[in-house]
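Let's start with one chain on its own, the form predicted on its own, as structure tokens.
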Amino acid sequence: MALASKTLLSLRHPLSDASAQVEILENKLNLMPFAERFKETGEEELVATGIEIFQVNVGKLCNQACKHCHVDAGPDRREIMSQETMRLCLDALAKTAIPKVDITGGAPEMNPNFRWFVKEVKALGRHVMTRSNLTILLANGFEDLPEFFAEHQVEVISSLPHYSPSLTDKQRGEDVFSRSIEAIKRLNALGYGKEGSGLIFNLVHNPVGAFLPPNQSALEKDYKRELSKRYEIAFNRLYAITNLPVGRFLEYLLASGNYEAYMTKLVSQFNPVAAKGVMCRNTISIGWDGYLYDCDFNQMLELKVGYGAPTHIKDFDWEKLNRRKIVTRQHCYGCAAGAGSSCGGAIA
């Protein structure tokens, strides 16, 4: 089934007046709402299958302002998770057996309580992942972070849109590629990305432009070959992630006139297998202010968990959240297109 004639649910974008443009274009496209399309999987509703990942956005402050950033993070953002809210997160975690904590931002390391939070999560016996932009590891006051990560066995996941310097810099900023390579070498020197070290270092590929990512497995082989040959660096896994029409990438799509074509592509590439495995089913996302979301993308659109589930970490209720119904809008097509997309890369 390709495009269907249904009334489209409007995608609201809180960062600018883009929502008005999006609503006009969506009405013109008249695509089937994602919640209806999901029924092609054989399930009537998209519901959580059990929380395995506790994803915490500790703030939107960042030393970079990447063009594809769905968080709209940057040096001028002041939204920072307080230690009080972090304590609420720890209290909620302690009452569950959720095995993984995924710390993100912004540049999460720029939260003044970042290291304290990592130590406290590790004290609860949970696996910690952090989304590092790499260049922060070279900034004043942050140079010892690789050693901190290694000491606490933190899994590091970092964006490197391409092994080509020009394509990476086009998306992330001037000289970001060269600084990223330097940071990776520091991580490698500690054992990160090396087989048998126990220190996991994964890279993330986002397409540079309005395209779906290529085959993840083939791309990983290309990355490993080229990065080893050109720079003698190593990593464990590559995650190929689809750019969703949210944040700065949405602004790009609208400004370049690519929104309609991109949404049409996402909808036409709908894959029921990928849709059944979307990350919101096993993840809960906590915003910098403690509000709860089904995923990081819904968080940026201010679409809190719904259907009677508690909306703030202070009211965390495992039973109500573990099998909750997921809040969907049209951007969800991005996670279900082609091989699918999640914070852990391709799904199908």
Partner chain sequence: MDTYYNPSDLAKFAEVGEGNKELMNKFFSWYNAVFAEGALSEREKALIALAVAHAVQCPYCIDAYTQESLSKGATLEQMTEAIHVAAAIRGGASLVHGVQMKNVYQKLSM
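Because the structure is a prediction, the values reported are computed rather than measured. Residue numbers count along the first chain shown, from 1.
The same protein also exists as the form predicted together with its partner chain; that form is not shown, yet it is the one meant from here on.
Contact with its partner chain in the predicted complex, judged as any non-hydrogen atom within 4.5 angstroms, is confined among 93-101, 117-125, 209-217, 191-199 to 209-217. Although the partner is absent here, D222 lies within 4.5 Å of its partner chain in the predicted complex, judged by heavy atoms. Under a 4.5 angstroms non-hydrogen atom cutoff, its partner chain in the predicted complex has K265 among its neighbouring residues. With a 4.5 Å cutoff on heavy atoms, R77 does not count as touching its partner chain in the predicted complex; it lies far away. Residue contact with its partner chain in the predicted complex: H162 places a heavy atom within 4.5 Å of it.
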